[in-house]
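In structure tokens, one chain follows: the form predicted on its own.
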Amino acid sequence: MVTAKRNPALVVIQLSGGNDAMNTVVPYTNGIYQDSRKAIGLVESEVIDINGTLGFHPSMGPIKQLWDKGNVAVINGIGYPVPNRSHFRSMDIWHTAESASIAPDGWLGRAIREIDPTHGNVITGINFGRGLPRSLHAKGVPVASVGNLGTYGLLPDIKDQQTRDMALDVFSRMYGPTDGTDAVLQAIGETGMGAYLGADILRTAPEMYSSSIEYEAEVEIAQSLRDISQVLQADLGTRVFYTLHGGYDTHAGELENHSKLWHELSTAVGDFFSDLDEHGRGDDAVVMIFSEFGRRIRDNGSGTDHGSGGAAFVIGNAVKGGFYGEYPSLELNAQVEGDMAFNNDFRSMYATLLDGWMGIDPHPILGDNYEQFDMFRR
């Protein structure tokens, strides 16, 4: 479990596009599944069996190895009331933990504010990727956004050290604290200083890192998880890491695309935990994997269209592995407009992670009390 000296870290991986839950955790013995998936159905000889009725996608071998260690929780039928099939609205709901209205900030931004209310560490939260995901946004909360840790920094193209130091000095004075500025200029100044300080801190992480694990080259999710491992092992105080893996909107060519995506992701997650374990840090992080919705039960001849009733994963040494919630019934009378019904509110998973793993009261962040899973070893 979490060591006495290290604070637990949460790594969130967003599967953008709507991951097909039925071809991820596959009900391969179910006749309705086989009848509904004439074009893209997976059969017993292909899946990685879990319990005689459900199996992982054949590209999920490394995650199955973590499952066999008891370190993978699968949350079946995860979603929210009145599901929305729009990528943008559904992802906004997941990002803000608010399904009935439009929330002003993200659940992880609120969590970072609870962790570090004085903003003493500008890299308490880091996004590895472009832009800033809505889940990390909260007023006054600094979050670094890193494309590539090896080249991350301010003015990295300036090679001459004296010239670079002069430029950085100008930058620091430009964004330094000033009296009498309006709110907009103050916010810009805080953002600029956050970027300045964050870049200065993060550039030290690669210099401190050494590993025998060879993450897949040219695979973005693998490189992001390698960078996360570097920062985690550098003990810079980062508690929340975020990254995404895109391409899951598989309306066509799903068999090939889904296989490629899950090979990339599963291999990267396996390498990440091998890397942490190699350095005695395997107990320090938990990975949460989610997508905005699942796909329709019936295929469209080449892929699947937007649905609901998805699947999420929580992975780590501290996790009590297994299934959480029943796999949604595929019977016609249990379907919701051709989709699997949701039977686990995603905010229960958030509450479990916040309270059971991060040690944070979930109520101020989620705005309500949600039933929690008994997911973590004590």
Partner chain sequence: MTTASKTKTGHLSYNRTVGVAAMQGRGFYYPWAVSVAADGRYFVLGRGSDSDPRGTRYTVMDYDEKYYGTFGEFGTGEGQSLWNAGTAIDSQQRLYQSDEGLHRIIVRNLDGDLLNTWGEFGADEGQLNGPTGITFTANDELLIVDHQNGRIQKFTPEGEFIGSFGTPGSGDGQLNLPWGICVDSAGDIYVADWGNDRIAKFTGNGEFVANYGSSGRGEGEFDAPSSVAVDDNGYMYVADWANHRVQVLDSDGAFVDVHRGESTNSKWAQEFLDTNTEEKEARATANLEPDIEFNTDDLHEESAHIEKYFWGPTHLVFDNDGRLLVVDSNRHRLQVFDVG
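Residue numbers count along the first chain shown, from 1. Keep in mind the model is a prediction, meaning the values are calculated, not measured.
Quick note: we don't show the form predicted together with the partner chain, though the next part is all about it.
Chemist: Of 200-208, 224-232, 277-285, 247-255, which is the one stretch near the partner chain in the predicted bound form, taking non-hydrogen atoms within 4.5 angstroms as near?
Modeler: Answer to the contact question: 247-255.
Chemist: Of the options D68, E337, D35, E326, which one has a non-hydrogen atom that comes within 4.5 Å of the partner chain in the predicted bound form?
Modeler: Looking at the other structure, the residue within range turns out to be E337.
Chemist: Just to confirm, with a 4.5 Å cut-off on non-hydrogen atoms, which of D305, E98, D271, E264 contacts the partner chain in the predicted bound form?
Modeler: Only one option qualifies, and that one is D305.
Chemist: Taking any heavy atom pair closer than or equal to 4.5 Å as contact, tell me whether R298 reaches the partner chain in the predicted bound form.
Modeler: Because a heavy atom of R298 falls inside 4.5 Å of the partner chain in the predicted bound form, the answer is yes.
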